[in-house]
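First, one chain by itself: the form predicted on its own, in structure tokens.
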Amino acid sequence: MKIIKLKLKDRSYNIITGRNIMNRLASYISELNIGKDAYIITNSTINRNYGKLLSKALKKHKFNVRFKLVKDTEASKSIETASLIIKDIANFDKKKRIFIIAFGGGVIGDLAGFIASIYKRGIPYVHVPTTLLAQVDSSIGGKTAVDLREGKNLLGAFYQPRLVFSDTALLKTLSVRQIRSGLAEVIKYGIIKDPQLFGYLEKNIKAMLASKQSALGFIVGRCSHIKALIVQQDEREEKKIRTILNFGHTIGHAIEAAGNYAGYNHGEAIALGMMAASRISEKRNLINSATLQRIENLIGEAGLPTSIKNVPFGNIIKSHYRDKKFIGSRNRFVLTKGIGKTVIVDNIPLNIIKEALKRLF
């Protein structure tokens, strides 16, 4: 088991990673003194596979437990779903001291964190991520949000959890597609911050696709550590430090939105977004063709998409204008200067963006 401290003064918390550690979760929550009434937001698949395990662990420490199931789709990240859950929480919250547990992947984490941030102007919540993508990335850092029809994550807040508890044993029931989706974010960390991680991925990608526990444990710990260091330097993305975590996300989010969140999942869209950002980087003479080829090869070897299908080109361009990094009419892209190095560039000409994107069709 590994404990990583994310230091944010009075908002500091631990990120705990390990294998087969669910039986220790309740004791760590007890130490936080955040209440004895756990409102668990999850989906039917996670509840079926691991709901009894979580419930038993909590009840053993005298926690009162209530489960709320939502559909395992991006559509659940809506203000309508949040409103329904908040009403249910209000009915549950009578003579209780409640906290929320986000028990699932990125959708559950974003939704549960958002609800925790606004109910009674904020109540405690704990992340127990169950997907590779959530364990390496989305559960850490306090970004919470729901989607609007106009774009992804447009309604949200920075609201830190009290604990992130990542048990890699929960990843054993993931499909290969879900593992690949998580690997997209892992590849991102190698590109933006860690050449050694990138090299490890090049050598061990097959072990990860086979869900080898030693490999998964290594990357969950490594990525959690990297993100903790970045977030504690720039919690609210005001210093351009945390912004580098958005590498590939400008076009990636646009691909998701243009496909009405029904085609590519988040990791697949981010993989395509990283390819677009890398090609823009090459066009700006920030990287050479050999570096671009390494990035594209690794994305392909991970089994992630390397070309865009069934999403209209024009819709992607239209959606990318809603990216939160835009400053007025000026776009802002995170680009790479080489494996482990990034640069933030404003006002990339539209023709360069279009050219990079067209090469993916």
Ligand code: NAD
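Everything numeric in this text was worked out from a predicted model, so none of it was measured. In case it trips you up, residue 1 is the first one in the sequence shown, and so on.
One more form of this protein should be noted, the form predicted in complex with nicotinamide-adenine-dinucleotide (NAD), which is absent from this view; the next part is about it.
Stretch 134-142 is the answer when you ask which of 273-281, 92-100, 134-142, 79-87 has residues with heavy atoms within 4.5 Å of nicotinamide-adenine-dinucleotide (NAD) in the predicted complex. In the predicted complex, nicotinamide-adenine-dinucleotide (NAD) sits within 4.5 Å of a heavy atom of Asn49. With a 4.5 Å cutoff on heavy atoms, Ser55 does not count as touching nicotinamide-adenine-dinucleotide (NAD) in the predicted complex; it lies far away. Although the partner is absent here, Thr306 lies well away from nicotinamide-adenine-dinucleotide (NAD) in the predicted complex, with no heavy atom inside 4.5 Å. A residue is said to contact a partner when one of its heavy atoms sits within 4.5 Å of a partner heavy atom; Asn33 fails this definition for nicotinamide-adenine-dinucleotide (NAD) in the predicted complex, lying far away.
Proximity to nicotinamide-adenine-dinucleotide (NAD) in the predicted complex, defined as a heavy atom within 4.5 Å, holds among Leu216, Ile187, Cys223, Leu170 only for Leu170.
With the partner omitted from this view, the residue of Asn153, Ser117, Gln232, Thr291 that lies near nicotinamide-adenine-dinucleotide (NAD) in the predicted complex is Asn153 [heavy atom within 4.5 Å].
By the 4.5 Å heavy atom rule, the three marked residues Lys193, Thr250 and Asn351 all fail to count as contacting nicotinamide-adenine-dinucleotide (NAD) in the predicted complex. Residues of 59-88 placing a heavy atom within 4.5 Å of nicotinamide-adenine-dinucleotide (NAD) in the predicted complex, in sequence order: Asp72, Glu74, Lys77.
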